[in-house]
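Form predicted alone, single chain, as structure tokens, below.
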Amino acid sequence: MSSASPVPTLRDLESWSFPGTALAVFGHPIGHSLSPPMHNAALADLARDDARFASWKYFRFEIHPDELPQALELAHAKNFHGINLTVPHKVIAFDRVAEIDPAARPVGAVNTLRRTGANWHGFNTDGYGLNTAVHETLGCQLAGSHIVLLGAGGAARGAAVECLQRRCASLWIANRTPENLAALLARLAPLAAGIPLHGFAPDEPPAKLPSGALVINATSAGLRVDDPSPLDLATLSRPAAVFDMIYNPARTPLLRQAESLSIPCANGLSMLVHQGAKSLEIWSGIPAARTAPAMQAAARAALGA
């Protein structure tokens, strides 16, 4: 489905009919999602070796948050095998799914649903995507690393849970709004289990911040050309690397500064690919490592890279 095609809506879902195995992403907005080209490229690649996947196809639907409960009911009734969810649907769906994967519970959000007989089974593959991408692009591990995480929203919460579950050495969270930061720290405290957990204002990094930390941007700062950087890297003890979850644009202000300071850095395209490949693994049983290369190539092509 090309980006110029009309994006199906809830009304289209009501009259939906597809003879094969249907997968989809629900979002608002969803028009520029890379998930359809990524997944359909991976499915076409799988179909070359396994005819079973020739009838699988991945779609996208523009679903307003108020429409999500009805959309999930319709998708189940229409025999969709799996659904991906974008912000803000990840949190909305969490309380509407009958079964939640244990790893997703502390995050409070699901981005992948697999059809069961009566409802949906919810998963969150974002943490897997982050951990795999950090290792692939930067040669770093969340486990055993000092982490400086920028942001206190939903993406930051998912990243923080993954870092703590992987047993990072320490977790330092920077956010401009003290109330949001305090709320996130309180939510994470039961998961820390002895891991040092701290918060700070991004314009006032503490002197005791460890050197050699992995900096992860989970804010939206950098999506627009005139966005300021979420943090001045020069104010930190030299980081080991910088990972920005944003993938478009490919070079955010934070990444440009990292380059100028000769700090290894990477954007979030690899994270997008690996969380998608993990979703497809949940639906198909095919290991994520098998489908990630096809997804990566499709994502780069869709971005014109």
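Residue numbers run from 1 along the displayed sequence. None of these values were measured; they are calculated from a predicted model.
Note that the form predicted in complex with a small molecule isn't included here; everything after this is about it.
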(message) Looking at S220, N119, Q141, T235 here, can you tell me which has any non-hydrogen atom within 4.5 angstroms of the small molecule in the predicted bound form?
(response) S220
(request) Name the single residue among L254, M245, C265, I63 that comes within 4.5 Å of the small molecule in the predicted bound form, judging by heavy atoms. (result) M245
(message) Can you tell me if N175 lies within 4.5 angstroms of the small molecule in the predicted bound form, counting non-hydrogen atoms only?
(response) yes
(request) Indicate whether H89 is a 4.5 Å heavy atom neighbour of the small molecule in the predicted bound form. (result) no
(message) Under a 4.5 Å heavy atom criterion, is L85 part of the interface with the small molecule in the predicted bound form?
(response) no
(request) Using a 4.5 Å heavy atom cut-off, state whether A258 contacts the small molecule in the predicted bound form. (result) no
(request) Just one of 163 to 171, 93 to 101, 189 to 197, 211 to 219 has residues with a heavy atom within 4.5 Å of the small molecule in the predicted bound form, so point it out. (result) 211 to 219
(message) Please determine whether each residue of G151, P228 and M271 possesses a non-hydrogen atom within 4.5 angstroms of the small molecule in the predicted bound form.
(response) yes
